[in-house]
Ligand code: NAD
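Taking the form predicted alone, here's one chain by itself in structure tokens.
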């Protein structure tokens, strides 16, 4: 089959690789119809996360149809149209049963093989899915597959960010970073009853989209962010902030805009050694900070329902629908943050 594979930092190949096959009786093989190119894919691509082996098939977002079913699979059959979270989930361990599916004791991340162990990704014609019954979710009839794809990662991550930040009725929320996760976090915050959402970014096109999602846009470079937020909160600062970038400066911005007792939900993927906030500041301002990998499988049923309800709005995030063969070039443009590149999906 054809696939996009990691070779070395900033060097991928579109090449022939062996088709996946059933390994365990709980596996299925899925023919991929839509694969996502996610901001998290850039971490190994750019070398911010290291250890991935050369030859690993990239990608952790996909929708497709089942073509082969292991003997122990009970809930799915060949022909079923399914979407997966970015990690597999056994469905039976302590973490799966408690809802923290991203930390499944036997789970694996799609698209990461290290020291001979791991799981190939989904930027390919086919993908093997372990623990199929607990991992996969059926795609609602009639839902755009590219929109359904978002439930397996970024739409669920946005919802998780709102939960981490404790967004509730009447809150004023700041969303730092208006990439796809940040934009969807605007929607998630309003779903939870937020009175207002301020969207912070420095890219004008992203801020324009944020406004269509219901936020008040604030440009990091040209606006007085503190004044914007305090103007909505009688001078106090925001009740909650969702940090969707993954840099120290984004953390710092989120904290600067909070009131005493404010809450940060961090869903940006961080690689720095130390938190941009000191323990003393957290204490002195009564701040709360929560972060972590989204338990996407736990959120997917609700995310798919939201995707179906807001399909047209959410579909507007998808800037490119490209053949899989164009995926290597797409990484280059996406990593360079070229104008107009937002959410990218690849079509095998």
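Residue numbers count along the first chain shown, from 1. None of these values were measured; they are calculated from a predicted model.
Just so it is clear, the following notes concern the form predicted together with nicotinamide-adenine-dinucleotide (NAD), a form of the same protein that is not shown.
In the predicted complex, no heavy atom of residue 264 sits within 4.5 Å of nicotinamide-adenine-dinucleotide (NAD). With a 4.5 Å cutoff on heavy atoms, residue 278 does not count as touching nicotinamide-adenine-dinucleotide (NAD) in the predicted complex; it lies far away. Contact annotation for residue 40: at least one heavy atom lies within 4.5 Å of nicotinamide-adenine-dinucleotide (NAD) in the predicted complex.
None of the heavy atoms of residue 300 is located within 4.5 Å of nicotinamide-adenine-dinucleotide (NAD) in the predicted complex.
Here the chain stands alone, but in the predicted complex its contact with nicotinamide-adenine-dinucleotide (NAD), taken as any heavy atom within 4.5 Å, falls in 247-255 among 247-255, 111-119, 190-198, 228-236. For the three marked residues, 153, 269 and 337, a heavy atom of each sits within 4.5 Å of nicotinamide-adenine-dinucleotide (NAD) in the predicted complex.
Of the residues 307, 63, 294, 57, just one reaches nicotinamide-adenine-dinucleotide (NAD) in the predicted complex with a heavy atom at 4.5 Å or closer; this is 294.
Distance criterion of 4.5 Å from any heavy atom to nicotinamide-adenine-dinucleotide (NAD) in the predicted complex singles out 203 from the list 143, 93, 203, 137.
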